[in-house]
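Here you get one chain, nothing else, as structure tokens; it is the form predicted alone.
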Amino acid sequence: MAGIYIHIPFCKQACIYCNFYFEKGKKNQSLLVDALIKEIALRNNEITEPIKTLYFGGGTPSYLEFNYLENIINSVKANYDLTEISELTLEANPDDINLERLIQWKSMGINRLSIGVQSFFDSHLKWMNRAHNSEEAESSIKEALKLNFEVSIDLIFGIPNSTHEQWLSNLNKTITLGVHHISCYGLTLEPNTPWEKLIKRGQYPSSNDDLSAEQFEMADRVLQENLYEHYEISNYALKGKKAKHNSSYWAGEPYLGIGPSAHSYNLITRSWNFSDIKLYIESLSNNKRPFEEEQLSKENRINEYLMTSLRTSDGIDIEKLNELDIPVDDLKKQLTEEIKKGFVVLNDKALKLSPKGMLYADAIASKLFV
């Protein structure tokens, strides 16, 4: 299944925890959109099979003016086969969502919204420097569901000084609203973020690993009790509502990444555009894509398979390991301690992480790398 990811690197303001590539304000939107359209056309021979998913991420794609978004989608339609597309996702912030915009987005073929709620508590939103409030978060979900969008929301756990009661309230409100898909992310301290600077100045507390672990386990229990399948470390979905685009990443499918900082993967190479809007615009004005690329060795591909598969509820397929000539007994020896602790479950069909093991996914995956 082939997919296209388009990075829209604009935001209204900077969240304290964010280390994604973005630019504040709308100053360069017109020039950036022209460059995106050029890159879309320039790379139209890289995927010849029908596109199944299109995903606008960011940044904040919903912050983009309607006509610019429409022009990008029309360019994709002109350069790729969209006859089999089943999911067109737009990441959106609650403060950008209203009835008029929802109708406009629907008219473009957008059928899924990933809404950056993060919390239904105003104190949390203010602490994170989010641009919306809790009332906007709730109303945006209700309006989107009324218009039959498939709705996913992001929630953040492990917010310093938050309580388990608040986290449970966030989960219960999400369930009551009836969203189709939930992405739960632990608040982690990333380098070069406003949060890191505030901690160094003694103005903000740091992250709390114990709090995050406890709230992760709460989410796993509460959401599964309410029929949300925990199908990937951070993701839960009602039946038939898994994120198709992101699932293709974890399945190792090819995808095309358009825009500054966007990554692409074609099974043989991985490439990424430079994280620089000005360089991106200047290069595309000369019909050149500013990117770097690496050839993936057999070891690279095996390690990527191990890492991405371990994140999912299906786990690492034993049959696939046999095809790759990786002895299962060797992996079992490498994970002796993790199996004893109940972090890893191994049977005849798969090697999987338990809910507690998901807290240590990266460390466990690294022990398996060839």
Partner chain sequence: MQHIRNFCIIAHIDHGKSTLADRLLEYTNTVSKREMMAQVLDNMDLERERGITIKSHAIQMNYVFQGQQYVFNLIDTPGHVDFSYEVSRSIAACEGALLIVDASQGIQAQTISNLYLAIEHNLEIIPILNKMDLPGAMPEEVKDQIVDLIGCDRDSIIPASGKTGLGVMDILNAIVDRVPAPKGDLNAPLKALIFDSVFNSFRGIIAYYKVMDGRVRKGEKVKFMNTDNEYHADEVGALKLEMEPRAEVLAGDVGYIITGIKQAKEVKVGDTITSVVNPTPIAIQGFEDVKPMVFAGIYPVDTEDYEELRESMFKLQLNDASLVFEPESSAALGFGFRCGFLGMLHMEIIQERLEREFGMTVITTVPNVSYKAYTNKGEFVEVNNPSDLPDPSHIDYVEEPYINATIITSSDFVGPVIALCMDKRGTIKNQVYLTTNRVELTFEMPLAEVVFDFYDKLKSISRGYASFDYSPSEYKLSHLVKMDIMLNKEPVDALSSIIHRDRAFDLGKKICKKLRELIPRQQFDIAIQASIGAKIIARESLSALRKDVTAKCYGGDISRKRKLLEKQKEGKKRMRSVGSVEIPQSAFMAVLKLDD
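Residue numbers count along the first chain shown, from 1. These numbers were taken from a predicted model, which means no experiment stands behind them.
FYI, the form predicted together with the partner chain isn't displayed, but the following is about it.
With the partner omitted here, the stretch from 197 to 205, 75 to 83, 96 to 104, 210 to 218 that lies within 4.5 Å of the partner chain by heavy atoms in the model of the complex is 210 to 218.
Highlighted residues 270, 296 and 360: every one comes within 4.5 Å of the partner chain in the model of the complex, counting any heavy atom.
Listed residues 304, 314, 70, 46 were compared with the partner chain in the model of the complex; 304 is the one with a heavy atom within 4.5 Å. Site annotation in the model of the complex: the residue of 141, 237, 110, 233 reaching within 4.5 Å of the partner chain with a heavy atom is 233. At a distance threshold of 4.5 angstroms between non-hydrogen atoms, residue 28 is out of contact with the partner chain in the model of the complex. Taking the partner from elsewhere, residue 149 is found to have every heavy atom lying beyond 4.5 Å of the partner chain in the model of the complex. Interface membership of residue 190, defined by any non-hydrogen atom within 4.5 Å of the partner chain in the model of the complex, is confirmed. Among heavy atoms of residue 224, none comes within 4.5 Å of the partner chain in the model of the complex.
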